[in-house]
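Given as structure tokens, the chain that follows is alone and in the form predicted on its own.
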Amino acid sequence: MDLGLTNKRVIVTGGSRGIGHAIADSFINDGAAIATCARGKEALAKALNQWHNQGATAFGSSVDVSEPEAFASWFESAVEQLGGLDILVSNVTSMNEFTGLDRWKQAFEADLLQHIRATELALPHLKNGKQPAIVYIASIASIMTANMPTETEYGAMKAALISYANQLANKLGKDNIRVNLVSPGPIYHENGFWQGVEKYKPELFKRAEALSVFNRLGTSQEVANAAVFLASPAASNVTGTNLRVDGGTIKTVNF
């Protein structure tokens, strides 16, 4: 299937590793130009070098999306480098090392506010884009009531993100901007959270695998496949959708 992504101008936040890298890589393989940001300079430089060696049009800088002025400056520069903006994939999250109310504040910043910040920066450009679309990376933690203790705040913020995105989809229909989400289950990737669990807490890892009907964790590429499709013109009549990529972990009817 031709997804219609050739020459599309795409921003993917957090594209240096894991899900974000797989998404950016998939866009590039389908002929799009991308700009991305990440906090880790080394991983970002490695990713950009890979894409440039492929002959891809790819831009990137190290920036913390939780720093409003720095992120806004990077975002405007990225749009200028791309020559406009057609697609935003808001992917960034971060590990939360705080406790108590500070943990809630960090979760609010990392898993909700920064997505809203990226959206507000993107909208003026998307309104001038070609077949514009927004995709947010959420999580099945948003609807689970038995999350790990470390995911209590994360799940609540992802639930808020899903509500925000669906309201946005309704409001932006008049501008022909589609808004969708992808909600992954546990995803395994190199140097990721679940690789650490596999090494140090193998019993917990096995329990996580058993949640899926396939008895395994998902991959970053499987999430990327869903995100890129939803962002593409091939999904031109799809908006307000939250697509689970969880191997059937959530055992409810998804109307």
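Given the structure is predicted, the values throughout are model-derived calculations rather than measurements. So that there is no doubt, residue numbering starts at 1 and follows the sequence shown.
Not pictured, yet referred to below: the form predicted in complex with a small molecule.
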Pick from Ala38, Ile28, Ala226, Ala35: which residue has any heavy atom within 4.5 angstroms of the small molecule in the predicted bound form? Ala38
Listed residue that, although the small molecule is not shown, lies within 4.5 Å of it in the predicted bound form (heavy atoms), from Leu126, Val92, Ala165, Leu172: Val92
Just to confirm, Asp64 within 4.5 Å of the small molecule in the predicted bound form by heavy atoms? yes
Would Pro186 show up as a contact with the small molecule in the predicted bound form if we use heavy atoms at 4.5 Å? yes
Are any of the heavy atoms in Val135 no more than 4.5 Å from a heavy atom of the small molecule in the predicted bound form? no
May I ask you to check whether Ser16 falls inside a 4.5 Å heavy atom distance of the small molecule in the predicted bound form? yes
In the predicted bound form, which of 226-234, 52-60, 197-205, 39-47 comes within 4.5 Å of the small molecule (heavy atoms)? 39-47
